[in-house]
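A single chain, nothing else alongside it, follows as structure tokens in the form predicted on its own.
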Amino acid sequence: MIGFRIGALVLAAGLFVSGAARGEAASDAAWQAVLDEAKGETVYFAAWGGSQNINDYIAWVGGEGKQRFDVTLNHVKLDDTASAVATVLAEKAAGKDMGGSIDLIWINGENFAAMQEQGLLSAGFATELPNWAYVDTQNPTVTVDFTLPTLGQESPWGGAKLVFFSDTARSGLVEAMPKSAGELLDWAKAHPGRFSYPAPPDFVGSSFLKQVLIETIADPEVLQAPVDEAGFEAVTKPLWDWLDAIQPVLWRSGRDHPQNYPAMKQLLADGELEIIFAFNPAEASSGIAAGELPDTVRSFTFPGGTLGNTHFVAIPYNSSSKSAAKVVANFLISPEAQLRKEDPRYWGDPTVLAMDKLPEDDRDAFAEIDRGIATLPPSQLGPVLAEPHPSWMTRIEAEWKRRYGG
């Protein structure tokens, strides 16, 4: 069992970062001013609330924030991040440029694009956080979100990669599982009713559609530019052909879809589905550790690659507690918080930190994590497929709803 230790880090004013590592981040005096201003403030953190282990992790962050920084964290649980975006947009339309109801938001992709375009985000803050010194800046997805430069308006929180899993007690060897979207379609036809996906705009369901889109269209590079409406129908036809073909053999004949990933997980545990997927390589192990899945579940992925990205936190332009929001964002990328988050017993979400930037004790602590029997090692996760421009997902979700959502 891993102890959550500071290791070689220096604890100074509640700040987890060594003097040598501060580098280009905020100066001691500037950050101390942020810490002083944050004391006694409340951060309303708008974040998806559909997973108990994530909710528990955020509650742990809240406890640490109160004890260490005198900052209160209030988790505003969301079904869809777009609702938080709509709240900030409505406040801007009403002229509420101060005293906003959201101070921190868990975000990426099309929701980040919408907030950035509408001027709903605070100016760049992420690279000024002291713990930015530990971030893996060689990973392009920590500074570019779905093809859009983050401009420091988002602080990375965790990595994500699409991974499939199945209960080998029922389905046999994982090696026999599908190895591409095309093979998955064939498998679903041979096993009717044993596969499904959450209905968009659920982010896991939408991510699955992007996976199929990237695999089936003629030139995936076209997805790195904004949607060209004139060519949308022709470009995306292979996706709709694939979905039309799988629709009749989905769970409940495609008349219904799981609400989200936790619902899919329950269907796997109940034996109704044989293949499900998540946007976290450790999700199967986390489910096993929590007693939600049998210990015969194993992960697999597509050798040709699966979708991957980084998720972030951002501060709305009209936040009531910007200093406290920065303090929380900084703690979220501390080695201690990232270590706990990567442990499948708590979440299993991959870190955004670079191991070679950490003190030796902290590197050792990450190496000691028991990632679980169902977690694939990085060498077996396959290539990362780049996220499309956010406009593709917005357009595809609308078209999916028109075709299948009625």
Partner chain sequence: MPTLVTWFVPALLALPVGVGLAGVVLPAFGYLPALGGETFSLDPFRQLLAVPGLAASALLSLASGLLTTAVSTIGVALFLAAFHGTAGDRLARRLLAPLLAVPHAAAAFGLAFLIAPSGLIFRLLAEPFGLTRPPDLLIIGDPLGLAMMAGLVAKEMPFLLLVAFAALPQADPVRRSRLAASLGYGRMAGFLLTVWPGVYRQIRLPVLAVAAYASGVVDVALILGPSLPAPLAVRLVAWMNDPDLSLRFMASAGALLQLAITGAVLLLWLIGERLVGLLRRRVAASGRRHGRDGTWRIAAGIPVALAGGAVFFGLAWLFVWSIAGFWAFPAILPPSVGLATWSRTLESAGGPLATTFLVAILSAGVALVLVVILLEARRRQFRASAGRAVRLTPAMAGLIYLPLIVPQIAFVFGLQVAVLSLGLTPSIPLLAAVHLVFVAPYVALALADPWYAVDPRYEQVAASLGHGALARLFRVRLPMATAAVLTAMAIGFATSVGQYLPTLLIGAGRLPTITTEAVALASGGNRRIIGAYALLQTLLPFLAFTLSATLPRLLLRGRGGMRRA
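Take the two forms, find the largest set of C-alpha atoms that superpose within 1.5 Å, and that set is the rigid core. Positions refer to the first chain, counted from 1. Please read all numbers here as calculations on a predicted model, not as lab measurements.
What comes next is about the form predicted in complex with the partner chain, which does not appear here.
Though the partner chain is absent from this view, in the predicted bound form it lies within 4.5 Å of a heavy atom of just one residue from Asp136, Glu336, Glu128, Glu272, which is Glu272. Of the residues Ala90, Leu173, Ala245, Leu151, just one reaches the partner chain in the predicted bound form with a heavy atom at 4.5 Å or closer; this is Ala90. At the 4.5 Å threshold, heavy atoms of Tyr44 reach the partner chain in the predicted bound form. When the partner chain is considered in the predicted bound form, Asp228 lies well away from it, no heavy atom lying within 4.5 Å. At the 4.5 Å threshold, heavy atoms of Val222 stay clear of the partner chain in the predicted bound form, well away from it.
In the predicted bound form, the partner chain lies within 4.5 Å of some heavy atom of Val76. Heavy atoms within 4.5 Å of the partner chain in the predicted bound form map, among the stretches 158 to 166, 272 to 280, 304 to 312, 173 to 181, onto 272 to 280 alone.
Relative to the partner chain in the predicted bound form, residues Ala86, Asp103 and Leu120 are all within 4.5 Å by at least one heavy atom. Interface residues of 27 to 56, taken as those with a heavy atom within 4.5 Å of the partner chain in the predicted bound form (partner not displayed): Tyr44, Trp48, Gly49, Gly50, Gln52, Asn53, Asn55, Asp56, in sequence order. Comparing the forms between this form and the one not shown on their rigid core, the Cα displacement of Glu272 stays under 2 Å.
Relative to the superposed core, Ala190 undergoes a C-alpha shift smaller than 2 Å between this form and the one not shown.
Core-superposed comparison between this form and the one not shown: the CA of Val174 stays below a 2 Å shift.
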